[in-house]
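This document starts with one chain, in the form predicted on its own, laid out as structure tokens.
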């Protein structure tokens, strides 16, 4: 089966075309056929498309909205020589990353009218994300017809196993009862995939998976996974809570909002945008939200604020690791994933420096060798807890869930 995976954002649309089926999933023989991204939707958009194994095609053109972006992608696919794809009729289903499923969804689902309405009901919980997801689903119906199977794979679903003591905030309980104000957690697709890969690598049953997973990229989160289930995670009602991220502040004193409002004359909405778009690594450094650039600045010029941003980032991760080691009463493995987690030995080393008291130690040579999608153990032989790198692949999980749903295997 050929599955088109879509990740619709407010101003971007990422896609992958993946050939997979139940047999390929069992044999881990899925094949990515093409991938790409359209950025800056709503103006002069930047398009980066590639057939697997070929050079990336870069171009620019005005793209008004998500439906126009999907139209550009499908026209490009139709014009390529892609194995098994002669026309759009050879696409068997579409899988969507949907950011917020609220308490409605604890697993991936095939999209019906009722499911679409439930996703729309969660818009107030994710006003920056779910509207784009809904537009993507509707655009697929317009281009491919309503009969084409579509699946929704939710960022929040994996964390629906959190116990009340982990997901409730210490605010009046009626705010949860009335408005469902609680911790939902995000990056669930990534955390779930990494935990699954750990299980496959170690050939153990799901109930024996006791790990802490770190998704470190432009967005960052940590999850405590016990018995194969998420029991705690750093992101909350929205993706703003938790670790320091590329442009997000992570944890902060809630009273800061009123203080900034009074001092700067900003509205709550403007402060929310400041905390989501102008904070984190970018806000501290004043330079960039790209960890690679910050590391280069720190090493080449000794820039003080670049160093400070990196140190705060690593310190926050270390603190959460200590908390989650306590929450789990120990873990079998600490797993790094995401763009930073998979490719930055320096950041991994700085994070793990504060774990030595626990008897958790990094092997310097192994750590340095694991970049560019290479998975494996990076801890010393005598480390009390294993540390490893497992590259995430959210798109593959979405494609696999779509196939499983079609064959009623979820």
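Numbering follows the first chain given and starts at 1. Model, not experiment: these values are computed from the prediction.
What follows is about the form predicted together with a small molecule, which we do not show.
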Just to confirm, with a 4.5 Å cut-off on non-hydrogen atoms, which of 235, 153, 340, 334 contacts the small molecule in the predicted complex? 340
Using a 4.5 Å cut on heavy atoms, which of 319, 292, 165, 178 is close to the small molecule in the predicted complex? 292
Considering the small molecule in the predicted complex, find the one stretch among 272-280, 215-223, 84-92, 196-204 with heavy atoms no farther than 4.5 Å from it. 215-223
Is it the case that residue 344, even though its partner is missing from this view, gets within 4.5 Å of the small molecule in the predicted complex, heavy atoms only? yes
